[in-house]
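Encoded as structure tokens, the following chain is the form predicted on its own, with no partner shown.
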């Protein structure tokens, strides 16, 4: 007589549901314009559960992990809120990003293939500073992908891991400010010079250009952006 078998799902699948919920929620928050005036920062747990098609348990576990990372704040009996950094914190984040991405650019000149570096043209050459106003939305996205690509092409996992913790906030502040004070036109010029330095395998110049480019964002935020 055949022995009855318990229908038990592997533990990995349970953990995977929580992990997938975490990844999806973090990605969704990452696309939000959290530094825009009037941005909705409160999250509805019930609505999220329905949107993701998961029970409250993996959702709460994912939210708890995001709270540990400082991306959300769970206020008992009040709700769940996306965390916005203070202006001082944002300035520090941009400074650290400038240091890390500039080193990543130097590494790109040493380890990336010619074809990988050439791929950056697709994020730069598509846009003309003369008519950028008509394509601002597309350029805003390409601008974010350009900086993420430099980090990725560096081949340095630790730089990738550290910048990942900064990405949501730096991305959001880039997205908000790219429309201000003619920054988009100047950004296109900077990006083209960076790609030229990378293709020339000039690590010192690439590092300097990326650092200066990111610090221009810091200067802009310091002078013109009100966050507190």
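Heads up, when I say rigid core I mean the largest set of C-alphas that superpose within 1.5 Å between the two forms. Positions refer to the first chain, counted from 1. The structure displayed is predicted, hence computed values, not measured ones.
Absent from the display: the form predicted in complex with the DNA. The rest refers to it.
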(request) State the residue from 57, 31, 68, 51 whose non-hydrogen atoms include one within 4.5 Å of the DNA in the model of the complex. (result) 57
(request) Could you check which residue among 78, 157, 121, 145 gets a heavy atom within 4.5 Å of the DNA in the model of the complex? (result) 78
(message) At 4.5 Å by heavy atoms, is each residue in 107, 125 and 152 next to the DNA in the model of the complex?
(response) no
(message) To test your reading of this chain, name the stretch in 184-192, 197-205, 163-171, 39-47 whose heavy atoms come within 4.5 Å of the DNA in the model of the complex.
(response) 39-47
(request) Verify the contact flag for residue 96: yes if a non-hydrogen atom of it lies within 4.5 Å of a non-hydrogen atom of the DNA in the model of the complex, no if not. (result) no
(request) Consider residue 18 of the chain shown here, and say whether it contacts the DNA in the model of the complex, taking contact as heavy atoms within 4.5 Å. (result) yes
(request) Find out whether any non-hydrogen atom of residue 103 is located within 4.5 angstroms of the DNA in the model of the complex, and reply yes or no. (result) no
(message) Would you classify residue 91 as touching the DNA in the model of the complex, given a 4.5 Å non-hydrogen atom cut-off?
(response) no
(request) Once the core is aligned, please say if the CA of residue 65 is shifted by at least 2 angstroms between the shown form and the other one. (result) yes
(message) If I superpose the two forms on their rigid core, does the C-alpha of residue 49 end up displaced by 2 Å or more between the shown form and the other one?
(response) yes
(message) Once both forms sit on the same rigid core, is the C-alpha displacement of residue 196 at or above 2 Å between the shown form and the other one?
(response) no
